[in-house]
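The chain below stands alone and is given as structure tokens, in the form predicted alone.
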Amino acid sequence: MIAVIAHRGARSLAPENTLAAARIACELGADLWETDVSMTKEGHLILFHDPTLDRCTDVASVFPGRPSTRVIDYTLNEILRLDAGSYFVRTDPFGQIKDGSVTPEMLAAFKGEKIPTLEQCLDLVTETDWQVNLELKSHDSDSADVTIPDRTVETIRKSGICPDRIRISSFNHDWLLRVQKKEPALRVQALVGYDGHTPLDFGDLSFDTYNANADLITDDQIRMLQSKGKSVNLFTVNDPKRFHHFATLGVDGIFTDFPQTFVTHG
């Protein structure tokens, strides 16, 4: 059965990478939640996708005139002052508010939503008896974030969560090897297809699972990976026809912004 993976939570129905988006995805019946792990200035791990805070927060109004909006240049206390939910209400990024799929009560609750910490993420996964894919973000311009793999493993250990509930993914494959070395019980998944146009490179096929860009992968590549015993997950698929095409090919999982569309299809 194909796994429906809620990309950054149910981000078409709630602000991405927030606990609200995760809870909605869980309630919808998604098999697991994918979220992004970034690091603050002093080394705390938070759930945030972009290298900068501009798109998904009110950083410009909370810290006017601040020369940098990079996540790595802000402390956790500063991050927690930001509103990570109102942008969704204002921009309706997937048109789901206009379509009536998001209730007024939900919209009111999103305002003031905070950026979660990794600890809060793991608590939610435990509370809901769920699973999570943690993508470790490696932004090319950053040098201070090189400890993210080590800090992630340490945080997972301290939480006491069962490793079976977690997958670790990254475009930085060296980081995945570090995670494997530090904690062999954690399953890692190699992301490929970052830029959306360069042909996919699976390297020496040393990983058990590949999470590939659905816009770049070919049917033959999927069959090749399967013939070598590899698991294949694809990102990001929102169109039902494409979803069913890949399901027919027998891929293991699909990342989607619309778990509400696919959870009933298995």
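Start at 1 with the first residue shown and count on from there. Keep in mind it's a predicted model, so treat the numbers as computed, not measured.
There is another form of this protein, the form predicted in complex with a small molecule, and it is not shown here; the text below is about that form.
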{"property": "Proximity to the small molecule in the predicted complex (heavy atom, within 4.5 Å), stretch among 75 to 83, 190 to 198, 159 to 167, 123 to 131", "result": "190 to 198"}
{"property": "Proximity of residue 135 to the small molecule in the predicted complex, heavy atoms at 4.5 Å", "result": "yes"}
{"property": "Contact label in the predicted complex: residue 235 to the small molecule, heavy atom within 4.5 Å", "result": "yes"}
{"property": "Heavy atom of residue 31 within 4.5 Å of the small molecule in the predicted complex", "result": "no"}
{"property": "Contact of residue 70 with the small molecule in the predicted complex (heavy atom, 4.5 Å)", "result": "no"}
